[in-house]
Structures are given as C-alpha cells and as structure tokens.
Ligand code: PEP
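Starting off, we have a lone chain in the form predicted alone, written out as structure tokens.
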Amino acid sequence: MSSDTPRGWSPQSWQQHAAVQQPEYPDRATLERALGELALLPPLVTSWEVNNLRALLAQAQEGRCFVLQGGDCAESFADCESGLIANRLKVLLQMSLVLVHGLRRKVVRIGRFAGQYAKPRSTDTETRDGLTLPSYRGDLINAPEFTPQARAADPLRLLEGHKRSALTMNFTRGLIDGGFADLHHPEYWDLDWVHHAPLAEQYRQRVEAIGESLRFMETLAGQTIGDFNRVDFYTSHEALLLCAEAAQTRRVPRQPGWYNLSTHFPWIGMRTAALDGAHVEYCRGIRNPMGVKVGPGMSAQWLRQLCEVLNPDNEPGRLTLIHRMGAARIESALPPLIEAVRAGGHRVLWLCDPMHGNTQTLASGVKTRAFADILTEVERAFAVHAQCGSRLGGVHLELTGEDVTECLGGARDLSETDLARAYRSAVDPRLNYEQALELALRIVSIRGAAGGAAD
C-alpha cells in the first residue's frame, strides 16, 4: 500500500459510491451531531497495535502463526457485562492454548468483540401480522423489539456503542495485563463445564503438558519466562455502518496515512464487497489490515480485482480472505479462487469461516447450524488448500463462552429439542463453549493427520 493517502480517497469519499446495508435515519440533524461527537472521542485502539497485528498476519501468511478469530455473531449492549466478557475471553484462551500445543506454533487471537454491534440483513424490512417495520440491524442502529419506536434508527446508539466498546476493551486489557492470561495459571480460564464435559480429560492433559514444558524451560533458564505472563489480543468487527467507521478514522502522529481506530481488524462482508461500492472504497484507504468475506458466488475475476484495489502494493499482512463456502460447496467453489489469487501473485492470508455457509432454518423457523457441517467444512478447507499448494492460516468463528444451545450436535449431540433450552442469539446461532473447544481439538487432529501439509 502506498505510504500516504491513495489517489482520490478521503474518509468521506465512500459517499460518492453506492452504499448498501445502511439504515435510514429519520433525524438527520441528530445524526450529524452524534457523528461530530464520535469523531472527537478518544480512539479505542492505537496505530501501533494496528501495525503490530499487520506484522503478525504477515507471519501467518508464511505459516509461522495460526489465526484464531472468534466471538459473538452480533454483540448486544446488554451483554456488556463483566462475567460474559470474561467467559468469552476464557474460551478463546482455552482454544488458543489447545492450538498452540497441538500445532506447535504461535496463535494470533482476534476477538469479534468491542464493536460488533451492527449486522447486515437480507431484507430492509420485516413483516409480522400485517405490520411492516425496518429490520433489526444490531444494537448500534436499532433494537430487536418489534415496535415502531424500537426499530427506528437512533443516532444516539452510535455513542452508546462507542462507550460499550470502550468498556469491553478496558476490561479485556485489564484482565490480560493483570495476569488473567498467564500460562502459569491456566486454571484462571476454567469454565464450570471442564469438570464434567466429555472433552474435559483431553483438555486437562494438554494443560498439564504445557505446564510441564513451561516448568522445564524455566528450570533451564533459571528464571520465570515473562513472555508467558500475558498474551496479545486484538479486536475486529465488520466495517458495515460507514458513517460511524469514517467518524473514527483519523491521522496519527509520525505515521503515514489514515487509521480506523475503532478496531484493529475491520472486514468487508459478502453483501458489501462490490468493487464499485462504498465499503470497498472506504476500506481501500485505511492502513488497518482487513478481511474480505469470500463466498461461492464470488467469481475469480471479482476476487482478483478486490485484491488489486484493496492491496495494490501487495503488502504482506494487509489483506485476509475469509472464505465461507458451506460444507457441500467448498470443494468445488474454493479451488478456482485460490488459483486466481495465486496466478495474480497476490500475497494474502486465507481463513476459513465454517459458520455462515452452513446456516439452516428448521421447520419451526429457528436458525441453526450443525456442528458436523462446521467440522466438515474445516476439514475440507485444510484438504483443498493442501491440494492447491496453498495454506489455510486460521479460522473465523461465531462463538460464545456461555452454555447456549444454538448449534446442533457436538460432544453432547444437541438435538432440535435442545435448542429451546438456551437459544439466546438475536441474529445467528453460535458455537457454545464446549463445541468451540471441541472444534479446536479437532483442528489439531486434522492438522496432525495432514502432516502439516503446505507448511
């Protein structure tokens, strides 16, 4: 990427392009005041953190790291609560510990939190019993209750979203800096299920093995190894609501270009990845590393052009392609895209999102995902990349640290009747803590069986 601003770009140049998935704000004056205030608030992340993540993602492209990106489908303001945040952090730490031990490499942890308050929707409106209202687009925009007042886009929610993102970041940083993520004390990360879950013993064995290795190294070194006292965590969210993203985009001292300082790692969704669209226009000008969701409907030419527009200087660590094909389509849809990117000489990091392509709606109208389909897509993703001479560098998951029942299957073989027990997501179904950790254990097994192909 060029050292300064790309030609013709500014934080507001997206307004000259077609902007989809944007709400209609009935009170424009209040919107402008809210955006003006948002632009003056302190940033949520720093430019040096953003640059550090870009360097780590460049290492992941080379196979030296594995990326674990995970968190809520859509955060809610009500879930900005210390216990829920700590549990989400715990399950990501547990998963990363399993991956570090099993894959024998560093894990880059990126949370889908501290800003994932907006969601794209299939339709602009929703109709119930003859009443048509705007669709719920996430707490950053409106509320899920089906009333005209709740569904109206409220600009003041932009400020509330910033506040709750800041609270989430502050608590997460406090936990990590205070030793919560200390590898010497993984018992801090325990969730209640560890004592009775089918996978508990397998997890304990890995914890004990890491502890023994750590004690051995420190015995040789003759001192405590400080690098194991804390870990780095980064945030991410979909760069969807462009007026809010632009308001938090700014220059920083002694760094060229513009940074989105609301998150370390924004991504563009499939619904907003049009080459001439406002989201691509906005993202091409910021210095953050970024992701693009890639689905089976994306052509090879489209993907090549996205690589050229979003990473014209072919900068390592700049662009991550997150494929979300579905278990049934990945083997046919992914290889042509991998080949197109390789033929163009584009340096990218590939992640697998096995969630979004495997969503199904039951006869009851409830949306769910089957753990077996999620696992199958991950297995096939590793195999496809190995066959194509490429490398799968990580996974992108929707998960929670809570004991929800939203996805079918897993170690406890959750059924349709189980879903009613604890289905809490307002948008898409998430892996619960046990299913998430099971997936991490299975990823290690998949990689072991593949013998580290393409690394």
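Fair warning: this is a prediction, and the values are worked out from it, not measured in the lab. Heads up: residue numbers just count along the shown sequence, starting at 1.
Below, we refer to the form predicted together with this ligand, which is not included among the displayed structures.
- The three residues C65, L99 and R391 each lack any heavy atom within 4.5 Å of this ligand in the predicted complex.
- Contact with this ligand in the predicted complex, judged as any non-hydrogen atom within 4.5 angstroms, is confined among 142-150, 266-274, 247-255, 81-89 to 266-274.
- Interface residue remark: E377 is not counted as part of the site for this ligand in the predicted complex, having no heavy atom within 4.5 Å.
- Contact annotation: D428 falls within 4.5 Å of this ligand in the predicted complex, judged by heavy atom distances.
- Remark: L175 does not count among the residues lining this ligand in the predicted complex, judged by a heavy atom distance of 4.5 Å or less.
- Mapping the unseen interface onto this chain, D154 falls outside it, with no heavy atom inside 4.5 Å of this ligand in the predicted complex.
- Checked against this ligand in the predicted complex, the candidates V280, A383, M298, C73 yield a single residue with a heavy atom inside 4.5 Å, and that residue is C73.
- Residue-level contacts in the predicted complex: of K293, R284, R109, K106, one residue has a heavy atom within 4.5 Å of this ligand, and it is K293.
- Although this ligand is not shown here, in the predicted complex the stretch 232-246 places heavy atoms of just one residue, E238, within 4.5 Å of it.
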